[in-house]
Ligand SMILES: NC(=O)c1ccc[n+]([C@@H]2O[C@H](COP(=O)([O-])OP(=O)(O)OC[C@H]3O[C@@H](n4cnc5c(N)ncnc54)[C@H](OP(=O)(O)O)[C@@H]3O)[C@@H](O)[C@H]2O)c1
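Single chain ahead, by itself, as structure tokens, in the form predicted alone.
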Amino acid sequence: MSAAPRLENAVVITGAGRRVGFHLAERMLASGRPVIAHYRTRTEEIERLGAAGAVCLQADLADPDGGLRLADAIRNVAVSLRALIHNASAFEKTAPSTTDALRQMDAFYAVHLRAPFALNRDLAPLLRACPEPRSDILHITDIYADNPNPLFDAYCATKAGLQNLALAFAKGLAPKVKVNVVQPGPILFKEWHSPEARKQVLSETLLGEEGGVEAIGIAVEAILQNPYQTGAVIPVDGGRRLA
């Protein structure tokens, strides 16, 4: 039996097993783009993406070598990439104990910085092989990258690093590969957000409502369609950063 042909002009989405990543993967598939959906833990959403035609690859990006292994797996299934979207994220309050906080910092660093760094470097040849005039890398960070919350300082610091990394790669991979940043604000509350916390956040958001995954999808599509935008940092936060 011959091996399946490798994908051309695929879109890689890390953290595609839920929430924003799942929405982006569904959106790309609906537009006819081949999708490589990364996940850490197999979910019902990953099953749905696989059934819809996505190539689903497992990797634990919190492992120091997770990014390298994922890059190898992607090279095995694709000959060119149209886009690489760094959506995978780890998020929690910084632990009170310094020992525990350092363990968190190591995990945040691996997911938010080490893995994207490895993937950008190792997959750059596949992005350059895209026959379209431009290909894209998107780093999804957070409005906290510019205005950190002390309760989440380790998370915020590594998201800021992810943002700075995007600007460095925008310089290094030009002119073929565009590299941009999307900063989500209150897009989807977590299950553990209390009604009081949600009310407080929305009171500090100029547009007064949760954005939803579609807001990120629209921003990502706009970046992919714009051939003359690189090194941009685009907030999608309903104006919360101004409050």
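Note that the coordinates shown come from a computational prediction; the quantities given were computed from them, not determined experimentally. Position 1 is the first residue in the sequence shown; the rest follow in order.
Same protein, other form: the form predicted together with the named molecule, not shown, and the subject of what follows.
Proximity of Arg82, Gly161 and Val220 to the named molecule in the predicted bound form is absent: no residue of the three has a non-hydrogen atom within 4.5 angstroms. Look at 164 to 172, 146 to 154, 133 to 141, 74 to 82: in the predicted bound form, residues with non-hydrogen atoms within 4.5 angstroms of the named molecule sit in 133 to 141. Here is the short version: of Leu29, Leu68, Cys56, Leu188, the single residue with a heavy atom within 4.5 Å of the named molecule in the predicted bound form is Leu188.
For Ala37, no non-hydrogen atom is located within 4.5 Å of the named molecule in the predicted bound form, even though that partner is not displayed. When contacts are judged by a 4.5 Å heavy atom cut-off, Leu126 does not count as touching the named molecule in the predicted bound form.
Using a 4.5 angstroms limit between non-hydrogen atoms, Val20 touches the named molecule in the predicted bound form. Mapping the unseen interface onto this chain, Thr41 counts among the residues with a heavy atom inside 4.5 Å of the named molecule in the predicted bound form.
Shown without its partner, the chain has Ala59, Asp60, Leu61, Ala62 in segment 59 to 77 as residues with a non-hydrogen atom within 4.5 angstroms of the named molecule in the predicted bound form.
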